[in-house]
Each structure stands twice: as C-alpha cells, then as structure tokens.
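This document opens with one chain alone, in structure tokens, the form predicted on its own.
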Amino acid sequence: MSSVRTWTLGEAEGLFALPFNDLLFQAQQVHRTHHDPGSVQLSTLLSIKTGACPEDCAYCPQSVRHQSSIENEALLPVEEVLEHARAAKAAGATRFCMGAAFRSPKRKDIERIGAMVSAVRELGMETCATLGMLTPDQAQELKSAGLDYYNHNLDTSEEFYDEIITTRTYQDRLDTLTAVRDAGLHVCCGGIVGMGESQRDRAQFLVTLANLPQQPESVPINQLVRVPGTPLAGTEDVDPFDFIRTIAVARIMLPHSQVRLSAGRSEMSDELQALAFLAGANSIFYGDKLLTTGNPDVTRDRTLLARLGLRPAADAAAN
C-alpha cells in the first residue's frame, strides 16, 4: 500500500516530543483504526547460515571482524529447516523467517534457499528471508519460489549509519528494498534502538521508512542486544521510555504496517512489553532464539499474551 502522506523530520520530532501519555493515546487511536487491537502476529526466525559474514556491522556477532563466541555454520539442509518450521507452526507461529549471514547470496545459495521457501510454503506458513543485498534477478527468483516477505533493515538514520557500518552504503540498502518491491515481494524493514543514536536519528530513520514509495508491510523495531566481542558491547542502556516512544511514533507514521517487537525482548520486563503493545506493536518474534541471540520461550510468551487478553493472530482469525 502506498504512503498515506509525506512526513517531515520536524513532524516526526514533534511526535517524539509529545508528553508520553499523549503520544501513547494517539498511537493507540491509530492502531485501533487500522488493526485488531486484540491480535498479535507471531513469527519464528531461524538462522539457516550462521557467521563468517564479511560485513562490519558494529552490533552483529556474525561478522568475521569481531571477536564474538558465535560458531560458524554452513547453510542448513532443507529437511532440517523444515523440522524447525513444523515445530514453529505447531507452537502457533504463522510466519517462518529464514536468516543467513551473507553480504549477498550466490546463485547456488539462492537455489537452495528457494527450495527451503517452497517446502515451508507447502506447510501453509508465510515465508520470509533475510540474506543481505539482492539483485533484481535474485529477488524475482525468490518470489518465483514462493517467498512472501523479504527483510532488509535500514538499521538507523542515514546520518548515523556510517558510525555503525562501513562495508555497505545506505543507498545499497535502499537499492535492495527497491529490487524486493519491484519483484512483488512484501517488504520487512526496520531498525535498532540503543546503538548510541540520537532521538533525531530515530525520527529521521522513521521518516525514511514512512516516505518510501510504499511503506513496509512489516517494521521490526529491535532493542540493541549488546553481544560481547562486538564494538557495541559496552553501549549504555537505552531509556525504556525512549524505546516505547519509538514504537509509538512508528505506529503513527506507519499506520498500516505490522510493527514487530523484535530483538532484545529477553531483557524486557513483561510490563515494558505490555507498554509496547499499548504503543502499537502487533507482532513479535516467537521462540527461544533469534538468529544468534536469546528470546523469551514460547510458554512465557503465551502466558504474557493471555495475561494481557491478547490472542495470536491465527487464533484471532478463527474466532
């Protein structure tokens, strides 16, 4: 769907400057206008190829340039991926996301991942992949295999970007988003809060997302996981209210998107997650692990949703 309006940096900063309760009230109004307020979409993320990435993203333990404890793993066999997908579906996930630590995949990688996508689709699940930069032909090949969503995050504002990554440009990321959209794939694109960026950077990042030719269907908002061995391991904690403000502003500026509460949830209290849902988050990564970092287990998530009177999207659709 196309952007509902064009946003300026000043307007976005004005939202961030609202009193906290006023901002959440406005975000909840937008949320209820465009989404079922009692429904949360569940996605499961699996690392199908881990480590040995040549990029230098300062937050990522999979970079060969950082001294993390991550063990490298080659691209998984299709049947092993399917086992994880079946388990995710049985646990209630409706979307299965496959992540591989590539700068950009080679042709043989696209062929193998295409087979994974087709197999997961046959289970009746939505499919998503994040594989680094794509060419238009690669995006089209994944679309033909049955891929529904492609994730490629902008991470932060263009101005702050060089502080975090130097091995690919902001325009490289925008070019991949264009290739994905032109292939007819849904776009999943978000960023990370807590890398040392300013509130202005968060506002500019959301302006960039909101003003894309089509707003992303899915917007993951991650809280930095400070992994030992990465350059950002010693970064100060982000103020929890600043994190919730980012969720709320994303909901207002991206009214039709699913806003996903993503990395960092294992460090969040139940109360903070409840505030995120109030601010307009309506999707979570579900399962005990993301690509390489921990995540709340399924039982804890199910219990939290029940305590809040929220239903997994598949359950809501059945009622």
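Residues carry their position along the shown sequence, with the first being 1. Owing to the predicted nature of the structure, the values given are computational and were not obtained by experimental measurement.
We do not show the form predicted together with a small molecule, though everything after this point is about it.
Would you point out which of 178-186, 199-207, 85-93, 151-159 contains residues with a non-hydrogen atom within 4.5 Å of the small molecule in the predicted bound form? Every other range fails; the passing one is 151-159.
Check residue 145 for me: does it contact the small molecule in the predicted bound form (non-hydrogen atoms, 4.5 angstroms)? Residue 145 lies outside the contact set for the small molecule.
Using a 4.5 Å heavy atom cut-off, state whether residue 254 contacts the small molecule in the predicted bound form. Flag for residue 254 set to no.
Is residue 130 part of the interface with the small molecule in the predicted bound form - any heavy atom within 4.5 Å? Contact with the small molecule, yes.
Going by a heavy atom distance of 4.5 Å, is residue 275 a contact of the small molecule in the predicted bound form? Contact check for residue 275: no, nothing within 4.5 Å of the small molecule in the predicted bound form.
Of 225, 76, 125, 244, which residue is found within 4.5 angstroms of the small molecule in the predicted bound form when only non-hydrogen atoms are counted? Comparing distances to the small molecule in the predicted bound form, the residue within 4.5 Å is 225.
With the small molecule left out of view, choose which of 134, 116, 192, 248 has a non-hydrogen atom within 4.5 angstroms of it in the predicted bound form. Of the candidates 134, 116, 192, 248, 192 is the one lying within 4.5 Å of the small molecule in the predicted bound form.
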